[in-house]
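Next up is one chain by itself, shown in structure tokens, the form predicted alone.
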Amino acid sequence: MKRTWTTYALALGLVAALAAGATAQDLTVDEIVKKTNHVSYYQGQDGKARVQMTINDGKGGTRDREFIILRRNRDDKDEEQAFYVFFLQPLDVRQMVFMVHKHIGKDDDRWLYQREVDVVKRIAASDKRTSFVGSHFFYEDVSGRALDEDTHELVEAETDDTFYVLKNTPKNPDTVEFDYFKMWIHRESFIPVKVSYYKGGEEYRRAEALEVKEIQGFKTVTRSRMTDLRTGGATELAYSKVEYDTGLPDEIFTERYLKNPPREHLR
């Protein structure tokens, strides 16, 4: 186990900057969950990044996609938030747009605009755990899962001086395909280094942070991977041109901009 976590720390580039200074903190499970959610989705008032997606089908075949993510917090409580994902390539998805309005206490609103057929589709709440544009990430992985959908438990036997380990069990198991998922959260940065999903006691799906950089004072995952352990397929995301607090206007996160992308903010 120690050797495994040393490997993760090296891959993340956190040995000198983070792991060496990691210390136990007297936090409740709810505090750990909220801090982790903030670091994962809410740092800065807004943010943007260019993303290179590589999909490996596990049989030697690969596909690439490139898109820009715009994100804006709509309150200061880590609750209401908007995402705008604009696809650059390949041609079959060029100018496609995925938009999310995140809410607390009710289902998120999700839209998908497909340029080639000029159709705006509302994505039902029941579809949030389906493939995001043919990748191994789900729609819900892109914008995040609501904290109140799961019961969170600190796994004392696996938690150590470097990582908190949380077991998260869905309150409504009929809405998801997993029985529970576990998160290995770096104590100092609150970055989830690994997230494993289980069904019938078997780990079948795994998300990993492969690289972390400090950008404008924020610890930021700049390379990640989602693996389907049953098929061997995986999707890797590489983030570049990451910026925070750019002053994105709220109006661009509306249906009007699904067909008319805000090009000045997509450069």
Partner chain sequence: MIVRIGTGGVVVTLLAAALLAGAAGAQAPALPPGLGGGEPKSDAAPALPPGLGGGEAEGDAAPALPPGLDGGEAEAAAPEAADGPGLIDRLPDWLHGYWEARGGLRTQEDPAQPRDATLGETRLQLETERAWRAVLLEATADVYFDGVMEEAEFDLRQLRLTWSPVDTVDVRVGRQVLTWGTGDLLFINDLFPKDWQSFFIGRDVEYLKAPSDAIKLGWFPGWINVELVYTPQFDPDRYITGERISFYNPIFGLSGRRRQVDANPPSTWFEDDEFALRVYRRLGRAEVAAYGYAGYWKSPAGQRLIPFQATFPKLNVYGASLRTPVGKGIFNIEAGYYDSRQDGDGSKMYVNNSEFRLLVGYERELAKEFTGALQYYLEHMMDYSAYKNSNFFFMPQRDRDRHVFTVRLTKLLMNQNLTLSLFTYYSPSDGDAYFRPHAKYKMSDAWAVEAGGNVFWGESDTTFFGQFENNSNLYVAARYSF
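Definition used throughout: the rigid core is the maximal C-alpha set that superposes within 1.5 Å between two forms. Positions refer to the first chain, counted from 1. The structure presented is a predicted model; accordingly, all values stated were derived computationally and were not measured.
The protein also exists as the form predicted together with the partner chain; that form is not presented, and the subsequent description refers to it.
- Quick one: from 149, 107, 79, 153, grab the residue that has a heavy atom within 4.5 Å of the partner chain in the model of the complex. Checked against the cut-off, the match is 107.
- Using a 4.5 Å heavy atom cut-off, state whether residue 208 contacts the partner chain in the model of the complex. Yes.
- Is residue 35 close to the partner chain in the model of the complex, meaning a heavy atom pair under 4.5 Å apart or at it? Judged by the heavy-atom cut-off of 4.5 Å, residue 35 is well away from the partner chain in the model of the complex.
- Touches the partner chain in the model of the complex: residue 169 (any heavy atom, 4.5 Å): Result no; residue 169 lies far from the partner chain in the model of the complex.
- Any of the heavy atoms of residue 231 lying within 4.5 Å of the partner chain in the model of the complex? Yes, residue 231 sits close enough to the partner chain in the model of the complex that at least one of its heavy atoms falls within 4.5 Å.
- Query: Are there residues in 66-82 with a heavy atom within 4.5 Å of the partner chain in the model of the complex, and which are they, in order?
  - Reply: The stretch 66-82, when checked against the partner chain in the model of the complex, contributes only 68 at the 4.5 Å heavy-atom cut-off.
- Item | Exceeds or equals 2 Å, Cα of residue 155 between the shown form and the other one, core fit | Stays below the 2 Å threshold, so no.
- Query: After the core is overlaid between the shown form and the other one, has the C-alpha of residue 254 moved by 2 angstroms or more?
  - Reply: Passes the 2 Å threshold, so yes.
- Message: Relative to the superposed rigid core, does residue 123 relocate between the shown form and the other one - that is, does its Cα move 2 Å or more?
- Response: Yes: residue 123 shifts by at least 2 Å between the shown form and the other one.
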